[in-house]
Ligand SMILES: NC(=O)c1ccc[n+]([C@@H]2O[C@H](COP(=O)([O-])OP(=O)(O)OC[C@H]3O[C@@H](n4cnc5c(N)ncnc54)[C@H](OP(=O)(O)O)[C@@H]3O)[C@@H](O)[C@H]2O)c1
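In C-alpha cells, the next block holds one chain alone, the form predicted alone.
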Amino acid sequence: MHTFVATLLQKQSNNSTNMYFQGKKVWITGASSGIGEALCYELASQGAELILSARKGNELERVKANCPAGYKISLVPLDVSDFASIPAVAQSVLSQVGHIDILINNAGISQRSLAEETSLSVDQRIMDVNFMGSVAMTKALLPQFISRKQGHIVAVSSVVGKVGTPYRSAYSASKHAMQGFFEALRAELHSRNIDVTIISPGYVATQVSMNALKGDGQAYQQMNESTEQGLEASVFAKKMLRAISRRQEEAFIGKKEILAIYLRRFFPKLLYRILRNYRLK
C-alpha cells in the first residue's frame, strides 16, 4: 500500500512539473554545457519553448540537435558579461517570441585558486559573469515581467553561496551576492505575482572544475574527485525543475555537501574547523 501511494504521488509530481512547463517560453543562459545543457533536454521533453544562450554558438547548435525533434528552440549566442549588449539582445528576443515566462540565470564560471594567488582581474571576471551577468539579464527582462504581471525568475547559486570554502573566494563571493540580490528582488516582486527561485547546487558531475579559473586566469583543466562523484546533471535537472514547478523560494540540491548549510546555521564552530582543514580534491 505504501509503495502504491508513493508511486502515485511521484506520478502526480511528475505530471505537475510537465503541466507547469508545457508551452512556457524559457530563456536559459549557460545552456551549452553542464546543468544548462541538462535543463534544455529535460525542458524540451516537457514541452517548453526554449531560448538558449551561451558564448559558443557551435555548442548551442549541438545542444539543439540533441533535443527531441519538433520543439521550438531559438539560439541566442550571448556573453552575459557584455552588459551593454544585453538590453538590445533582450528586446530582439522579445520581438521574436513575444514574451518570456521563465528566465533561468545559469551562466557561470568557477574558481580553483587561493585568494592570495588570484589576480584582481580574475576576481572581476568571476563577479561579472556570475553576479552582474545575472543581474543584467534579469533587469533587461524585468519590465516585461512586471507589465504582464506574471513570470518566474530563477537564479542558480551554489552551496558556496551559503558557505565560503577555500580555493573559491571570488566564486563564493559572486554566489553570496546572487543570494542577496535575488532574495531582495523576491520580496520586492511578491505583490506583482512574479516568482523568484534560488537554486543552490552541491557537487554536480559536469565540466565545471575543468573550466574553472586558476589565479592567473587560465583554465584549471582538472576534474576534481568531489565534482566527478556529484549528482548526474540529468538527475540534478529533474530535481531543479521540480523545485521551480512548485514555485519554491529556495532549494538545496546535492548529496552530503548540503549538510554544510545546516552546519553553518546550527554548528558554525564545527564547520569552521572543517573548512580550515579543507584540501582541494
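Quick note: we count residues from 1 along the sequence shown, nothing fancier. Keep in mind that what you see is a predicted model, and the values were worked out from it rather than measured.
Keep in mind that the form predicted together with this ligand is missing from the display, and what follows is about it.
Residues of just one listed stretch (187-195, 88-96, 115-123, 157-165) have heavy atoms within 4.5 Å of this ligand in the predicted bound form: 157-165.
Remark: all three candidate residues (Ala107, Tyr171 and Pro201) come within 4.5 Å of this ligand in the predicted bound form, counting heavy atoms only. At the 4.5 Å threshold, heavy atoms of Arg55 reach this ligand in the predicted bound form. At least one heavy atom of Asn211 is located within 4.5 Å of this ligand in the predicted bound form. Contact annotation for Ala48: none of its heavy atoms lies within 4.5 Å of this ligand in the predicted bound form. Using a 4.5 Å cutoff between non-hydrogen atoms, Ile35 counts as a contact of this ligand in the predicted bound form.
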